[in-house]
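Consider the single chain below, provided in structure tokens and representing the form predicted on its own.
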Amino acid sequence: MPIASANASQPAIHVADLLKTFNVPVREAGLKAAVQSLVHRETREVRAVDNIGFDIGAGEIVGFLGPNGAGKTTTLKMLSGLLYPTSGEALVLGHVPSKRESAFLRRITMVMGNRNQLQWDLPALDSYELIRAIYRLEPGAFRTTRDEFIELLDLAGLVNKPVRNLSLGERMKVEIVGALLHRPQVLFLDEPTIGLDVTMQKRIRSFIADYNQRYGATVLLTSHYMADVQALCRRVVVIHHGKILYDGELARLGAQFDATKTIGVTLKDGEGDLSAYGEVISSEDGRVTLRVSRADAPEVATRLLRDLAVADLTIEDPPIEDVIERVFASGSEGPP
């Protein structure tokens, strides 16, 4: 039984002081060291997840960001019950994930962009029937959900083909449908659009957003594609070296970690030397982009409009990719 029944006043996901360590073998290079390791193996402790904590409310879509090896997938595996935490507390819908209770497993799903769950040699429809039997879904409700998802992702021409004959993007779509047929309340999505083209990424994002709105599902999403995060997430949690560096609104991330603005200027007479107004980061087709401090941006824009014949001027936050890079660069020291 769950520790407490999930309700509107409780977070769908609760994490407190969550720690996961691994003992990793280490040895020097060379034959002698290899032979010695057969008798006496040395190890070192690696903290993949280092006492992190956060709460995610019911119906939230939260981006979980970090470089490779930051601890994202390890965290998702602990929250889905695939890994036991070394210490700390994790609750999902009131359940302790590591207990792997059937009532818990029926309410969650985990999609990994580089893993397959459908039978390789069978059409997706056959695998869907197997999923229906595993979850003991009522046949009528199952068919309604299945057909609805097939229509949303335009899969009518694909679900009768063996999965091995589908392209990467097509496989990802049929995999996502399979993962959601039991209408889980919590979705752990680990790089769901990895390797897909721009059109297919957009289709998957739209489907996730629609599922969230229809069923009020909670989504924890990891992705290296910032377009996924910007399209789906108002809030992000940034993790690096197993520690959380930021937890808050995506829109405020730049203000905390990047104290700059970009000013785009198009002059009526064409390109000119604008280096006196800020750092020139690009100049193309008559448009010059400057990087200036966030505090100085209004004054620099005023000077440009006063001194030059400006045809167009914009002031923007730096690209989210640049902001995320600065967050990672800050390491565990916090914002610069």
Partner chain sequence: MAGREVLRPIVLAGRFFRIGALNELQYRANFAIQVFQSAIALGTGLAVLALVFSQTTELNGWSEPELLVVMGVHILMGGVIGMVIQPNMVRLMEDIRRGSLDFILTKPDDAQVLVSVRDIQIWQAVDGLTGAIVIVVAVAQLGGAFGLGQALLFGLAFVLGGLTIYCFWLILTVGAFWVVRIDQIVELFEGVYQSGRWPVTIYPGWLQVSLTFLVPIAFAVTVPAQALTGRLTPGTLALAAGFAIALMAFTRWWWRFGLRRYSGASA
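Positions refer to the first chain, counted from 1. All figures in this text were calculated on a predicted structure; none of them were measured in a lab.
Missing here is the form predicted together with its partner chain; even so, the following discussion is about that form.
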- Message: So, Q117 and its partner chain: in the model of the complex, are they within 4.5 Å at any heavy atom pair?
- Response: yes
- Message: With a cut-off of 4.5 Å between heavy atoms, is T193 one of the residues that contacts its partner chain in the model of the complex?
- Response: no
- Is S167 one of the residues lying within 4.5 Å of its partner chain in the model of the complex, judged by heavy atom distances? no
- Tell me, yes or no, whether R143 is in contact with its partner chain in the model of the complex, where a contact means a heavy atom of each within 4.5 Å. no
- Only one of 98 to 106, 251 to 259, 223 to 231, 151 to 159 gets a heavy atom within 4.5 Å of its partner chain in the model of the complex; which is it? 98 to 106
- Query: Would its partner chain in the model of the complex be within 4.5 angstroms of a non-hydrogen atom of every residue among I13, R214 and K243?
  - Reply: no
- Query: Taking its partner chain in the model of the complex as the reference, which of V238, M110, I204, L93 has a non-hydrogen atom within 4.5 Å?
  - Reply: M110
- Quick one: which residues from 77 to 95 get a non-hydrogen atom within 4.5 Å of its partner chain in the model of the complex? K77, S80, L82, L83, Y84
